[in-house]
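Shown below, as structure tokens, is a lone chain in the form predicted alone; questions about how it binds or moves come after it.
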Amino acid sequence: MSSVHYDVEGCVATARIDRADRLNALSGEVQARLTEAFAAADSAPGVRALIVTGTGRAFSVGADIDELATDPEGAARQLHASLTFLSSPERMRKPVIAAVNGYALGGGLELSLACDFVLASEKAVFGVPEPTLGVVPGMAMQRLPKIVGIMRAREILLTARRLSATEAHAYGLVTRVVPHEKLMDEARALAQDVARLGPHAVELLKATINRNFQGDDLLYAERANAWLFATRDAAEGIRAFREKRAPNFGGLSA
């Protein structure tokens, strides 16, 4: 069974992550299949917008912890691939709508940040749990200050608390909150609104809006996070998560 289902109905494509048993964690295989879906939608002449959503209780809870490399060199390779993947909706020519059906944590939240619209079910929950593991959300720590402002970004990043859909909307993380059972209908209606516009105008508008996201900020995040994976705290945080216990951070780098 595929971990990502891609289909096209009229001028709207949909990519649905289907790893409900792992809360749609972004394994390497999921990232590869979503990358294929992004490329397919962007290159299809008849597709005007792409909807990304999840199956079950989650949009995505981010990285698959079981696949994380803990050595600095391996972590650096993974981080480069992950950040390239997470930011790919920003580089697409066509608009991408995140239909957030449940938990959007870590890389799941970051994937939604890269989309042009975020429609959230009233059951959606947003957050960045990485600091509880002794690491950082590489893309979110760069994007959040630009999207929600410095003060709110500090609150989200430095407390790692989870936000309800309503709070996320108030903070500017979400375009709008909709009833859970109407999420996909609302996403398709929004996609149709976009599809009625001139496609070249939409492409230029998206490129202009996203031009401030194309600098070296993600390269910095990649290198900084790779360093963190060499610390004792990161090793302890990941080990504690796997052992389902509270971490014992010592603040030691080696």
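Keep in mind that this is a model prediction, so the values were computed, not measured. A residue's number is simply how far along the shown sequence it sits, counting from 1.
What follows is about the form predicted together with a small molecule, which we do not show.
Heavy atoms within 4.5 Å of the small molecule in the model of the complex: does residue 9 have any?
Residue 9: no contact with the small molecule in the model of the complex.
Please check if residue 16 has a heavy atom lying within 4.5 Å of any heavy atom of the small molecule in the model of the complex.
Judged by the heavy-atom cut-off of 4.5 Å, residue 16 is well away from the small molecule in the model of the complex.
If we define contact as a non-hydrogen atom of the residue within 4.5 angstroms of the partner, is residue 65 a contact of the small molecule in the model of the complex?
Yes, residue 65 lies within 4.5 Å of the small molecule in the model of the complex.
Does residue 51 reach the small molecule in the model of the complex if we count a contact as any heavy atom within 4.5 Å?
Residue 51 lies outside the contact set for the small molecule.
Which pick from 34, 61, 187, 41 sits with a heavy atom within 4.5 Å of the small molecule in the model of the complex?
Spelling it out, the residue with a heavy atom inside the cut-off is 61.
Between 105, 86, 119, 79, only one gets a heavy atom within 4.5 angstroms of the small molecule in the model of the complex; which residue is that?
Checking each option against the small molecule in the model of the complex, the one that comes within 4.5 Å is 105.
Which of these stretches, 146-154, 86-94, 176-184, 123-131, has heavy atoms within 4.5 Å of the small molecule in the model of the complex?
Only one stretch passes the 4.5 Å heavy-atom test: 123-131.
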